Structures are given as C-alpha cells and as structure tokens.
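A lone chain, given as structure tokens: the form predicted on its own.
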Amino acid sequence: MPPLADLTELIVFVLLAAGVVVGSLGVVLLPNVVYSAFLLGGVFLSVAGLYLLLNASFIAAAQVLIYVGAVNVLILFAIMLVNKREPMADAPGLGLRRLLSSGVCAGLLWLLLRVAYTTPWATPGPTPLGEDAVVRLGEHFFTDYLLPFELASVLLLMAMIGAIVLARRDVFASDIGTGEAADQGLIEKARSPLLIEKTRP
C-alpha cells in the first residue's frame, strides 16, 4: 500500500492528465469554436497543475499568466470579434482530410510513447535550484532565447491586429465590386431608445 502522499499525488496526476486529454479532444472535435476556446483554457490550466506536481512553481505561474491570461483570452477576443454566424460549408475531400490528420496524430502519439518508454530517463532528476531558478530562467530568456521570446510577442500582436481587421465591417448600401444592392439583413437597423418607445402614444 503506497503512502497517503504518494497516493494523493497519483490521483491528482491522473485527474490532470485526464483533463488534458479530454480537453484536447474537445478542442479538436467540438464544432462550436467558443466551447473549444474555453476547453483550451482548461487544458492550459491542467498543464499548469502538472508543472506544480513537478515542483516547477514559476513555470506553472507563467503558464497561467501567459497562456491562460494572454493567449487564450486573445483567442476568445478573436472569436467574439469575428462573430461568424453563418454555417461553414463542408470542404471538398473532408473525409480524406480527417483520415490523413487522424493518421498523423496517431503516428505522433506512437512516436511520443516510443520515446517515453525507450529513453533511459535519469532518476532522480537534477538537484532543484530553489530560488535561483527564476534568476537562471531570466538569464536564458534575455541571452540565449531572446529572439524566440521577442518573436512570440510579435506573433501575439499580429494575431490581435488580424482579429481587429476581420471584425471591422464597413456597411455599404451597394456592393463595391458589382454595384448590386447589399443584403439588408446584414445591415444593422437603427432603433429608437426604449424610453421613447414606451412614452410614444
């Protein structure tokens, strides 16, 4: 019978791993992109919990602040700003694409499992640095990994600008290219304030 601490750690690990797997499947398989975005946030939180189990508290905090608080919120803003209501038409060859993507995912899973079971992992791991870990990470961020760190920030900025451009819709009475009348159902109808409507005889 394992000690209570080890049993609790195993149960928490199983729950977090199940959250990552189920959430990832929901992100890929759900047709509603809003639900997929929220499940992606759950996956990020589960990964942060796994970091906590590894005593990597700074990485867990960075995971929550950057991925949950920035990346996932940016994705939600992009979805809400675009607000695509019309149903998406089925792409040609959708079944073949799903088959190929499933094969790629299965191959990647097999490769990861092979690496996990055949690699001679060094146990126990290196001695924890303690409070010096944050200093060491800061040194690597601003020396060895400065370019990828800055490119990631530029990528997030470009994604936010793209969401704003997609959400900006200028309404015209006629189509610019063809000159035909625009669909009036897409134009927002002006409404008088509710107080005026109530007081009008």
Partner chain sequence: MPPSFTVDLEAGFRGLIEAAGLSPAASRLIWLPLPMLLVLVAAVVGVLVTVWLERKISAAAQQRIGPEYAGALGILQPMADGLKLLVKEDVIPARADGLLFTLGPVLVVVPVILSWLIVPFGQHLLISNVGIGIFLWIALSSVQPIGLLMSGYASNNKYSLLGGLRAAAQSISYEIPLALAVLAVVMMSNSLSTVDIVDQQSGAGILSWNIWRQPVGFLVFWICALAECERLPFDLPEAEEELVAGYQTEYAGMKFALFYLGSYINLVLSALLVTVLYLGGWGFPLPVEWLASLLGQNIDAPLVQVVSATLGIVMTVLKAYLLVFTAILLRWTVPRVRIDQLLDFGWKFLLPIALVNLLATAALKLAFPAVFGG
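These numbers were taken from a predicted model, which means no experiment stands behind them. Residue numbers count along the first chain shown, from 1.
Below, we refer to the form predicted in complex with its partner chain, which is not included among the displayed structures.
**Student:** Assess the spot marked by L99, W110 and L113: is its partner chain within 4.5 Å of a heavy atom from every one of these residues in the predicted bound form?
**Tutor:** Negative, none of the three is within 4.5 Å.
**Student:** Please determine, with the chain shown alone, which of 151-159, 23-31, 55-63, 137-145 has non-hydrogen atoms within 4.5 Å of its partner chain in the predicted bound form.
**Tutor:** Answer to the contact question: 55-63.
**Student:** Taking the shortest heavy atom distance, is L7 within 4.5 Å of its partner chain in the predicted bound form?
**Tutor:** No, no contact at 4.5 Å.
**Student:** Verify the contact flag for L50: yes if a non-hydrogen atom of it lies within 4.5 Å of a non-hydrogen atom of its partner chain in the predicted bound form, no if not.
**Tutor:** No, L50 sits far enough from its partner chain in the predicted bound form that none of its heavy atoms falls within 4.5 Å.
**Student:** Flag V68 as yes or no: does it have a non-hydrogen atom within 4.5 angstroms of any non-hydrogen atom of its partner chain in the predicted bound form?
**Tutor:** Contact with its partner chain, yes.
**Student:** With its partner chain taken in the predicted bound form, which residues across 35-53 come within 4.5 angstroms through any non-hydrogen atom?
**Tutor:** Result: Y35, F38.
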